[in-house]
Structure formats: C-alpha cells, structure tokens
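Okay, here we've got a single chain as structure tokens, the form predicted alone, with questions on binding and movement later.
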C-alpha cells in the first residue's frame, strides 16, 4: 500500500499528459482558426454555406452518405488522392483544418466505397447531373454500386408546360408519356449541399499547389 500514491500519481499523470497532448494542444493550435481574408482582392475563404445547402447537409447526414464517402484529401505522402483528382484536378491540394471551420460535425468519413466528395461541387457543377445520379446512379455512371435514392423524387403528371427541373430520362428509366420525374425539396437541398463542396481555394498551410496536367476529374459513384 505504500506504493499506492506513486502508482496513482503515475496513472493520473499519464492520463493528464495524454489529455493535454491529444485534446488541449490541438485546441490551442487550431481551435480558433478564422477564415482566410485577402483584403486586397476582397477574397474570403471559407464561406459559411447556409440556407438550402445547410438543409442539404442534414439530408446528407440523415441518408448516411458519410458511410460510403469521405471529405478529406490526403497528402501525397499518405495516399494517391491528389493523383486521382480528388483534390480538384484544376488546382490540386490536400485539405487542411481551415477547410472545416464551419462544419459541425465534420464529415471526414472513414470509408471510400464511393469516391471522395471534398470537391464534388467543382468536379460536377451541373445540378441535373446530380439529380440523375441520385435517381439512378448507373444511368450516369455504368457499373456504380451506389443505391438509388428515388424516394427523394416524385412522379408528377404534366399539366401544361413540362417542369424545368424534370429529369431528362430515356429508355427504361423514362416515365410514361404525360409524366415527369422531379426532385423533392430534400433532393434539391442535398444537391445544393453537394454543389457547395469546393475546397480547392489556395491556402498557404496546404503547401504550394500547381495544376496537374495528368490529373483528371474522378468519376463519382
């Protein structure tokens, strides 16, 4: 029992030092990060996406998209993310802490059953592509293993002019004559969120990044 204070003190010190090193030090280092501001160019990054994109983020979480898709581009020493074009093929760079300062919670993800979505908003900027992809993934990406999210859409009878947001489907995917497949508000919000995902802005802490001539945009699944 004489050694109990020493043992207890050692255990307490171990946990205390671990907490300081793993929690407090990172909080002091990056806990108060602010957006990058270039006063000369009037440039601010990142911008807190609100409105429809914020609602779409909730849909992204509710539908479990984070289970199959990541939102982090690793450094060249950690993997081939940049070579795959996941760091944005126009201006590839790894992601850094500043990219996520408005994300609560941060949707880094731990699985890549599908490709990384960090910069899907810049890789695929056409909303209709995303609608088609959500409704029938293999319609736009043959061989995709992503499940369809058809419950985010509805079949609507056309009365008068065809809806502007009706999906351009052909073949077996096309609805019967006189009807159109249109996105529900949840689908529109989710696509708005996906389009907001663009972390390709140049940042000093991300290191120097130059356009990679050989890199091509990755195909989303």
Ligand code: HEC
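Numbering follows the first chain given and starts at 1. Everything numeric here is computed off the predicted structure, so don't read it as measured data.
Absent from the display: the form predicted together with the ligand. The rest refers to it.
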(request) Find the only residue in 106, 80, 97, 145 having a heavy atom within 4.5 Å of the ligand in the predicted complex. (result) 145
(request) Answer for residue 35 alone: is it within 4.5 Å of the ligand in the predicted complex, judged on heavy atom distances? (result) no
(request) Indicate whether the ligand has at least one heavy atom within 4.5 Å of a heavy atom of residue 115 in the predicted complex. (result) yes
(message) in the predicted complex, is there a heavy atom of the ligand that lies within 4.5 Å of any heavy atom of residue 122, even though the partner is absent here?
(response) no
(request) Mark residue 153 yes when one of its heavy atoms lies within 4.5 Å of a heavy atom of the ligand in the predicted complex, and no otherwise. (result) no
(message) The chain here is shown without the ligand. Which stretch in 167 to 175, 154 to 162, 187 to 195, 39 to 47 comes within 4.5 angstroms of it in the predicted complex, by heavy atom distance?
(response) 187 to 195
(message) Each of 57, 72 and 199 within 4.5 Å of the ligand in the predicted complex, by any heavy atom, yes or no?
(response) no
(request) Let me know which residues along 148 to 186 have a heavy atom within 4.5 Å of the ligand in the predicted complex, or say none if there are none. (result) 149
